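Take a look at this one chain, the form predicted on its own, written out in structure tokens.
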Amino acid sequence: MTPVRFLTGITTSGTPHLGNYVGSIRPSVRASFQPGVESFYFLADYHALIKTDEPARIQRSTLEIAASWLAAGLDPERVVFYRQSDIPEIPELTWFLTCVTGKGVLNRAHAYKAAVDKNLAAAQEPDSDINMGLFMYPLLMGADILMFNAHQVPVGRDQVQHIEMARDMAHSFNHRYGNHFVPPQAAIEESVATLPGLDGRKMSKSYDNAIPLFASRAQLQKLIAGIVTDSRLPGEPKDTEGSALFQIYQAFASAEETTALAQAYAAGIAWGEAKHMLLERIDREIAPMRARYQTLIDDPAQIEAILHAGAAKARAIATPFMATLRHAVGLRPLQAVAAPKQGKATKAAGATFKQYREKDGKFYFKLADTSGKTLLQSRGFDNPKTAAQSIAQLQEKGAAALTDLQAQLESFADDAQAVAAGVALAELVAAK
């Protein structure tokens, strides 16, 4: 059974806060342990360039967000955990999608429309100070998703439009060049809260109202003390609806704990006491992760090594898939072009599969180019039928089958070999 692919990322534009943890990090880590799920998690540093022009901030944020995910329990051995900018195939795919997506689609993007409306309200030119990064943001997000053919992308309701756009891009490309992309689905978890910040608005680095995820207990206490509440005195009943303090508590507490605080609100709990309860509840969950987080922050080389290993796993999928896409759109090696003959057309000779048996008694196959150079090598099979079935799958699906057959194939020696194998497989499929 083909696993369901789950993909999510966090933009590296600031220090991760409690909203990132509740809305993305915590549910993502939990999802990574579900059976039958193949998870992809990435640090969206290309996206960060849209929001900030402070290089040191992007670098620091990348370190902090990676450390946060790992401290929260993400296991890089179970998932594909990578930095967006380590995958050069993503911007290349972005260009492919640019060429099949109408400008009118991007004109309707919420973020772009909001920026235009803000300019118009200020009596400025509609596109004043709007860069092409903001305008083309949906295309880069589409490439993030479609590069790995993610089935589900967990997002808040304000991001659903981007998933719908990615679906449109997939359909548009598939209509022109064949069935290459899986149209993704938005996975909206109603139980995952969007946290309010200190001032009651959505918790965001942009509003400077966020509570850093790994703030010290003393800092956490100070920030919670600053959460805006109303003027009702101890003993006066208080409303849970619209209470930022209550909503943040609810995101960390069990159903029983939440009910108990709601009853305390009705009974007139003092705001100071309610804030102390919130401090204790958050600290109970976050405190065990702080030491791991600090250890990671103090050893950036360890995180760098983890991200490099994750990029290798990601590119083992992206590189041959990109070779297939390049072939599909016509970016093909010129030596594969056959000169037409008079009368019946003939196909140029290309790469071929060879199946054989070794002295160990096992059956193997390889894909070799016209010069005899090995592009793809299998591991040993106990019987020739299984080897033949794998060959048939590669001939039918091309480079797209490499992921499914990963356990049966030897690793590529380098990226060049992976690209050459992807191109050869794409040509075999196209020649059928």
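Note that this is a predicted model, so its numbers are computed, not measured. Numbering starts at 1 and runs along the sequence shown.
Below, we turn to the form predicted in complex with a small molecule, even though it does not appear here.
Original post:
in the predicted bound form, which of the listed residues (394, 70, 367, 44) lies with a heavy atom within 4.5 Å of the small molecule?
Top reply: Going through each option in turn, the one that passes is 44.
**OP:** Could you spot which one of 101, 119, 221, 159 gets a heavy atom to within 4.5 Å of the small molecule in the predicted bound form?
**Re:** Answer to the contact question: 159.
Original post:
Based on heavy atom distances of at most 4.5 Å to the small molecule in the predicted bound form, which listed stretch, 293-301, 150-158, 128-136, 226-234, is the contact stretch?
Top reply: So the stretch in question is 150-158.
Original post:
Applying a 4.5 Å heavy atom distance criterion, does residue 425 contact the small molecule in the predicted bound form?
Top reply: Residue 425: no contact with the small molecule in the predicted bound form.
Subject >> Interface membership of residue 325, the small molecule in the predicted bound form, 4.5 Å heavy atom rule >> reply: Heavy-atom contact with the small molecule at 4.5 Å: absent for residue 325.
**OP:** Would you please decide whether residue 97 lies within 4.5 angstroms of the small molecule in the predicted bound form, comparing each non-hydrogen atom pair?
**Re:** Heavy-atom contact with the small molecule at 4.5 Å: absent for residue 97.
**OP:** Answer yes if any heavy atom of residue 169 is within 4.5 Å of a heavy atom of the small molecule in the predicted bound form; otherwise answer no.
**Re:** Residue-level check for residue 169: no, no contact with the small molecule.
Original post:
All three of 11, 141 and 145 touching the small molecule in the predicted bound form at 4.5 Å, heavy atom to heavy atom?
Top reply: Contact check passed for all of 11, 141 and 145.
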